[in-house]
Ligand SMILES: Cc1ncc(COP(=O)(O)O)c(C=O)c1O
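First, one chain by itself in structure tokens, the form predicted on its own.
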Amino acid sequence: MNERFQSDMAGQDRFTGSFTQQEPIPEAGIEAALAVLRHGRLHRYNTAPGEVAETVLLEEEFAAYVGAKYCLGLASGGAAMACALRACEVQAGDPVLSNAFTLAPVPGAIASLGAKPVFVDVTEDLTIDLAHLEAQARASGAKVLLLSHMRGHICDMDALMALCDRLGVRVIEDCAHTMGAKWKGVPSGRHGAVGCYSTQTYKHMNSGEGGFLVTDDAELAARAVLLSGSYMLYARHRAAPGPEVFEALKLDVPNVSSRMDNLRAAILRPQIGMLDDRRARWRALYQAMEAGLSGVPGVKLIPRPQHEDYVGSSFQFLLPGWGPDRVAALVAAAAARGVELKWFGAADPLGFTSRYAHWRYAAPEALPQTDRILAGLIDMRLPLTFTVEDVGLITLILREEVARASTAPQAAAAPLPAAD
């Protein structure tokens, strides 16, 4: 029997695996990190004669992986988004379009500039609603979209880019959940003006915290390097434009220190070559979840477009028509059996999970379509420390608990609180 699957005192099967335990750092990354620790040159610009910094090499290698001209390592995915917005010259008070279904660092990056998030509805496929995007762009006059590929779901990027080009809206892609994914063979992050990535522990490469931005635009890249805090040492960047691009900018762009360091870069470099294998392994877990929950009454799975080469590092499903009491009961019952679910319709933010109505600093307007979808949206991490057998046991528990919750008496559904 699977050691992660035990029976409790009531005779119910219980899963004992951890939903937050990631794989260890590869040995090559550990050895490279130890070398950096031993010589002590952690700052990206602190190098010995003839030495190329780990951060510089990481930027070159990641740029090559996604096919970008320029890449910049940063302290976090949130720092990458804020840097990209500043590089696009977003100013305080400017409206910036973004998904209503995303996580707090996305509107947080917008708010960090004093700009105003303008939220766009989500569809039942968990992607941005293009019709509402057009309406919000026209109503707000926003000229930048910070597009979140939330939980790894990629919209029709051809249609989105055609719409944004027609509207004169510049696209920054938040690829925190799509590093290694593709749309029609194009790596996620390569459709818009800038692609931003995270290497936080729960993402597809792990350095605890960290991030990248990539672009083919020389001026954007130069602005980003200066913003990151290059101290006029921009000539030491190799995945960056030449010094002549910096000359017209260097005295006008502020230093907003948010650099990546050589220790994190050393940990990350070996992981670039593992991304394609990780995508395949996550896909196997994701498809096992789909198979295990397919056809379960009351559960709606999220279709994946044929053009989307996704990374299934988390799994989502909808509970259409379920009231909040019933959803909460399912989440609690699953937790009692060791299966950690996150619910995007909860009244209060919990841990990593919140929704647009919770971000009062953004003064969000109510979005009934998004509220309806998030009211029944369930989310679950799929760490690569799980096996396909583990997923089979997890879906067995979920099928049983969904069946129980579906037949339990339910009070009249209370409406979700409106956004302030």
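The first residue of the shown sequence is 1; numbering continues from there. As the structure is a prediction and not an experimental result, all values here were calculated from the model.
The same protein also exists as the form predicted in complex with the ligand; that form is not shown, yet it is the one meant from here on.
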Does the ligand, in the predicted complex, lie within 4.5 angstroms of each residue among Asp94, Pro117 and Val169, using heavy atoms as the measure? no
With the partner removed from view, which of 215-223, 196-204, 332-340, 239-247 is the stretch that lies within 4.5 Å of the ligand in the predicted complex, judged by heavy atom distances? 196-204
Residue within 4.5 Å of the ligand in the predicted complex by heavy atom, from Gly189, Gly180, Gly73, Gly77, is Gly77
Val311, Val106, Leu145, Cys83: which sits within 4.5 Å of the ligand in the predicted complex by any heavy atom? Val106
Evaluate Ser98 for contact with the ligand in the predicted complex, applying a 4.5 angstroms cut-off between non-hydrogen atoms, and reply yes or no. no
At the 4.5 Å heavy atom threshold, is Leu126 in contact with the ligand in the predicted complex? no
Is there a heavy atom of Asn262 lying 4.5 Å or less from a heavy atom of the ligand in the predicted complex? no
My question is simply whether Thr102 lines the interface with the ligand in the predicted complex - judged by any non-hydrogen atom within 4.5 Å. yes
Scan 167-190 and note down the residues that get a heavy atom within 4.5 Å of the ligand in the predicted complex; none is a fine answer too. Asp174, Ala176, His177
